[in-house]
Structures are given as C-alpha cells and as structure tokens.
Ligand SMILES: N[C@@H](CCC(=O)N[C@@H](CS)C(=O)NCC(=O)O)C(=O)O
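Consider the single chain below, provided in structure tokens and representing the form predicted on its own.
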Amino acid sequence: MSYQLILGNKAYSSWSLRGYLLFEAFGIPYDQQIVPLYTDAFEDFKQRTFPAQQVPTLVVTNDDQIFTIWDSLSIAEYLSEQHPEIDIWPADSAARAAARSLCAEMHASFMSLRKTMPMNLRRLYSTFQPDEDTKSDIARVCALWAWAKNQWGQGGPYLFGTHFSAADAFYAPVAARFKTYDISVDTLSQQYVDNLLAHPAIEAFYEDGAKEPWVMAHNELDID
C-alpha cells in the first residue's frame, strides 16, 4: 500500500497542515504533492481527483486498486483503521470519544476565527484586535483545551498527555493563528500553543511555508 498526500500552500492552508501532521507526526511513509490554491493547477487537481474538491486529498494505491479520500477527518479515520498500532486516537475509549468530539467541533465551527484570522505562517501581526465573535471563538477553543488537558492531558505536553493525537493535529492551525495574530491567552493555553508549535513536524512545515513563492493576497492583512 502506498499513499500520496496532496496539499495546498503550506504558508496558508490550515487543512493541509492537519493532513500533513497525520502522516509526519506518526511516522507513516507517504509521498507529498503541493498544489497552490486558487490557481490553474488547483483546478486541474480538482478535475483529476474528482470527487475531491479540497486539500488535503489522499490518493491510496493498494495492489491494483487506486482510490481517493478527501477531508482531514476522513483521512484520520482511514489511517487509524489501517495503522491501529500507532494510536492516532487516544487508546482510552472515553479520551478517544472526547478527541473525536474536539475534532468534529474544530471541523464545523469557529467561523469568525477562520474568517478574521486567516492562516499565514509568514507573518506576525502585533496590532491585530479580534472582534467580539472572534473573541468568543478564542474563548471556546481555550475552554476546550483546558477541559481536555485537565481530564486526560496533565502528564504531558499535548491535549491527551504525552502522546500526540489527531486532536493535536486538528488544533495545530489554531495554535499557529494565535502566534500569527499575537493572541493573548491563559497560561495553560499558551503552554499548549508553545508545546504544539515546537513539534518537529510543525517546525518543518513552517520552514517549507517560508520558502514558497506563492502569495495569497486575501490572507495578507494590511496591519503590522
């Protein structure tokens, strides 16, 4: 079995970071392809990998069968089924259910945070001021982190302890946004942000993003 993971621009694509971490943080071998967002190459990708319309997209080759999986949550579940020894999800059933709930909420919520704080790993905005809806999203994220850490994660740097899980992969782009926009959070949340962004796979993603030639104007804010 072999995997090809198709990602968007690393500097800007939050969902690509999630898919990338599902491989890199767990040591799963794969090939990687970058397709810059909102370009002719991205339109070609959508036609070539239909019905996938977004990144990350995973192309799986298994003997003579080739099939496509799109959406980070679907990729996480598939990899968990194929590699149960890796513990992409927490081993404890209650913690595993909690991690899936956290990922599902991340997947479907926090629209103000996404809209007003677009991912940009190449910038630091020290004067950004979140609006009330974005503040509410930030508070909710921090509350979820505190709940998971207090329930299951007190013994390690991640949400569920010493072992990096899919939940950490899903919240890594939020941690990156908190850094980019210089968001002030409570001590526990800041420690988690620092620990998460210090993960070698995330550091490597930042380095790759810094080298990319593409610029997405709508992800570049006109503030310091």
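Everything quoted here is computed from the prediction, not taken from an experiment. Note that residue numbering begins at 1 and tracks the sequence as displayed.
The same protein has a further form, the form predicted in complex with this ligand, not shown here; the description that follows concerns it.
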Just one of 55-63, 157-165, 184-192, 26-34 has residues with a heavy atom within 4.5 Å of this ligand in the predicted bound form, so point it out.
55-63
Only one of 140, 100, 123, 107 gets a heavy atom within 4.5 Å of this ligand in the predicted bound form. Which one?
107
Would you check, heavy atoms only and a 4.5 Å threshold, whether residue 206 touches this ligand in the predicted bound form?
no
Non-hydrogen atom contact residue 38 with this ligand in the predicted bound form at 4.5 angstroms:
yes
Contact label in the predicted bound form: residue 15 to this ligand, heavy atom within 4.5 Å
yes
Just to confirm, residue 87 within 4.5 Å of this ligand in the predicted bound form by heavy atoms?
no
